[in-house]
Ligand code: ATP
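Single chain ahead, by itself, as structure tokens, in the form predicted on its own.
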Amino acid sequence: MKSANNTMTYQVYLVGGAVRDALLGLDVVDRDWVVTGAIPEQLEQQGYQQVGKQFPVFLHPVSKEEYALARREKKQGQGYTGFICDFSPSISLEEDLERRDLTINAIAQAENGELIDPFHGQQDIANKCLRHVSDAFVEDPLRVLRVARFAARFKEFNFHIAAETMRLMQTISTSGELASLSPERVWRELEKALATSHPLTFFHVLIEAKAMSYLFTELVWPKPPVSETQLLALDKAQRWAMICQHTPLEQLNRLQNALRCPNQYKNLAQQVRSFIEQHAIGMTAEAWQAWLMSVSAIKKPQAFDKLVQVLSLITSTQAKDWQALRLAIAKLNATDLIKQGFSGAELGEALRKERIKALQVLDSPLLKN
């Protein structure tokens, strides 16, 4: 492809996940491109917008897909940010592909459809193997999480991790480099893993890679493990709450603060663990009323629905029975009590008693006989 002023040509290649997913017969959602033989000014002249400060990545003026200049990386500092990048137009496509994590992610496609596969990624796709591209794999600690996440994503295809790649992951774990990862990076990989059909595989791989004690120090791994069949019916936040159910509340709070979990994940996991520690099936109507108020069952029905889906699985009860508790008190309001002259604190107490009465008359397996 020629530049705007026709003084230099450059080549554009589709790379990474788009090529891999197409070869696996999956829908291609995101497309990333690598440009060889170019300098930033050439792309800017054609309307590309540069984003990111660490290295030149450009957004296409129409599609808004990412185009990155081919680059070489040299490890200099610690952690996943300790690299010096070279974006010279003389850098070849193969040099750019060599810096990638796995062979299945190091395949490129030319504009004419030809596949460029210097590290035999197609063979590893056929063999269902997750294999590192080069020994430079150990220079980036984030790759331990990425490989675990890919193992979770492609579990349904029966992918396995090459023994030599697992050894390198263990080397990274014991090196102390995992400590350099930011909470945001760790959470991002975890959240993506939770979205796969086999999220537990992510943790199983980290256990084998000796990374769990460094990345999720406070997490008490469930034994026996959570059922993946159960997890399939849940969303990402619910899956996280199920995985954290055995972690004591104090530890859970430290874990989620360290990971900087989004509130929707954090609150749900806390509510699930709090019920396990402080409550039980067979409580009195008074205790159920207090719990329903503590989780804002009336004010936040959607959040309550997610909570009881998890708790019903953990306690082997029916979600409809939990919802019946909420419905019994949700239909009550303060209007009649106000007409009777109640106000202020007395109104609140009278409403509480009415809710308890409504729960007491329920024929519910959750209530104490």
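Throughout, we count residues from 1 along the sequence that is shown. In this text, all values refer to a predicted model and were calculated from it rather than measured experimentally.
Only in words, not in the display: the form predicted in complex with the named molecule, which the text now covers.
In short, of 110 to 118, 254 to 262, 232 to 240, 94 to 102 it is 94 to 102 that has heavy atoms within 4.5 Å of the named molecule in the predicted bound form.
When the named molecule is considered in the predicted bound form, only one residue from 321, 305, 44, 32 comes within 4.5 Å through any heavy atom, namely 32. Scanning 132, 266, 273, 153 against the named molecule in the predicted bound form with a 4.5 Å heavy atom cut-off leaves one residue, 153. Not displayed here, the named molecule is approached by residue 185 to within 4.5 Å at the level of heavy atoms in the predicted bound form. The shortest heavy atom separation between residue 146 and the named molecule in the predicted bound form is within 4.5 Å.
In the predicted bound form, at least one heavy atom of residue 192 sits within 4.5 Å of the named molecule.
Residue contact check for residue 355: none of its heavy atoms lie within 4.5 Å of the named molecule in the predicted bound form. Contact annotation for 280 to 296: no residue has a non-hydrogen atom within 4.5 angstroms of the named molecule in the predicted bound form.
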